[in-house]
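Taking the form predicted on its own, here's one chain by itself in structure tokens.
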Amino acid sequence: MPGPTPPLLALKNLTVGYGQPILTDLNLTLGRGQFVALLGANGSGKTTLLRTIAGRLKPLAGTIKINGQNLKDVKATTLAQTLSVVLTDKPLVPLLRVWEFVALGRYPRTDFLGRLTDHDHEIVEESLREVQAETLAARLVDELSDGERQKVVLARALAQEPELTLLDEPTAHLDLKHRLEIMAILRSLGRRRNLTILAAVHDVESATKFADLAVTLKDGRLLAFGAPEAILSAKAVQNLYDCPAASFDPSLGGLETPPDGLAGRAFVLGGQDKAALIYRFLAKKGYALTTGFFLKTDLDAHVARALGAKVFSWPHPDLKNEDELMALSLKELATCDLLAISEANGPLPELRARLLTEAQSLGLPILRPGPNGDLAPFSLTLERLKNAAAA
């Protein structure tokens, strides 16, 4: 009876580097059809690890197995049929058209003379379709934009019909449109082709939103391996990048930078997921934030906390009832320089109305959005306040 199928990729006690170790004692196993994000700061060893798995660098210690076979024993042709590599090097292919460039990926599967069969033609065309680049087939590679070129390089890698693809910063230097397109393509390739993708990325937001699994590297070792939702906590991300100023909220899948508070403090009446833009607008203007009143599960609460705000949600862990919440909020309002109101009415309407009345009695500027949440009135009010303070 046949034994269990070996994992696609297995690293055991692996040490990699250029003469001197950069990463040591790595143990990692990857299955099939997974999109795996490799995360770490510059210099953490991501590229070195990819080059070693690709066979371009020899391991300093330990083993790499692909489909149960030691990498050093895999024939070059077999490896090229199993594994494709997309590094950051810009391809130098003068006067070569896209279709011809992608067809180079068929080389490991052609005959001795490199002749392409009808099947090879079909694979090339399918690979171009997979990356939404079929309309580029007749273009010269040298004439492509960065985003178009990255799609074409990925198509060439797919034309090899690999089981494992290694990518180094696949969205580097790309505009927003192409970054999103490339990441979405990578996410779907695993399901459509049962292809495992191991990609070094800097963007932790992309890892949380697109990758099935994440590997984090720091200080020469593997910190964690698992689902991004499980291993990328706020504390883990700050530690990974040595960036205590940035705040990561796993519920949002994004990074926020708390304001410096040099402009003062703003109390924001949020709720019903309508205040996120107001928080970010005021934070950019330098206002520290206080906000309420909404249920603790409201999306506004997550955004506000990521921006370092004092949050008066309900139920509140330290308060017994709404009267205590109101008393504490009024005390906090007295330290604020303005009150901003989102377009939502929000829960606890009595508390909101009372806080508004108190702000008016204190003479605080009150900011309200325009139609459909337009924040242009905010800009005008803050500009007037700035000019008045300078006069």
Partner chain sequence: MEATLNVKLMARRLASRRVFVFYVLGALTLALLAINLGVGSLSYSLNEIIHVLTHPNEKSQLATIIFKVRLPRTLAAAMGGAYLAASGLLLQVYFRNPIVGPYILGVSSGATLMVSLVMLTPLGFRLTHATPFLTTIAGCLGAYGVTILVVALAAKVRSGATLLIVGLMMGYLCGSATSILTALAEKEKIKGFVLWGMGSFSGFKQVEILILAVFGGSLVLAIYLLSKPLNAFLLGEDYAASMGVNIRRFRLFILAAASSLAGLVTAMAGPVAFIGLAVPHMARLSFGTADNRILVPGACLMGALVVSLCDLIARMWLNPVELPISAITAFFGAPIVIGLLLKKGARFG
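These numbers come from a predicted model, not from an experiment. Numbering follows the first chain given and starts at 1.
One more form of this protein, predicted together with its partner chain, exists but is not displayed; see below.
- When contacts are judged by a 4.5 Å heavy atom cut-off, residue 142 counts as touching its partner chain in the model of the complex.
- A residue is said to contact a partner when one of its heavy atoms sits within 4.5 Å of a partner heavy atom; residue 176 fails this definition for its partner chain in the model of the complex, lying far away.
- Mapping the unseen interface onto this chain, residue 211 falls outside it, with no heavy atom inside 4.5 Å of its partner chain in the model of the complex.
- Interface membership of residue 319, defined by any non-hydrogen atom within 4.5 Å of its partner chain in the model of the complex, is ruled out.
- Each of 96, 105 and 137 comes within 4.5 Å of its partner chain in the model of the complex, counting any heavy atom.
- With its partner chain left out of view, the stretch that reaches within 4.5 Å of it through heavy atoms in the model of the complex is, among 236-244, 185-193, 149-157, 250-258, 149-157.
- The single contact residue among 221, 129, 284, 296, judged by any heavy atom lying within 4.5 Å of its partner chain in the model of the complex, is 129.
- For the residues 201, 86, 306, 164, the 4.5 Å heavy atom test against its partner chain in the model of the complex is passed only by 86.
- Contact annotation for 27-54: a single residue, 51, has a non-hydrogen atom within 4.5 angstroms of its partner chain in the model of the complex.
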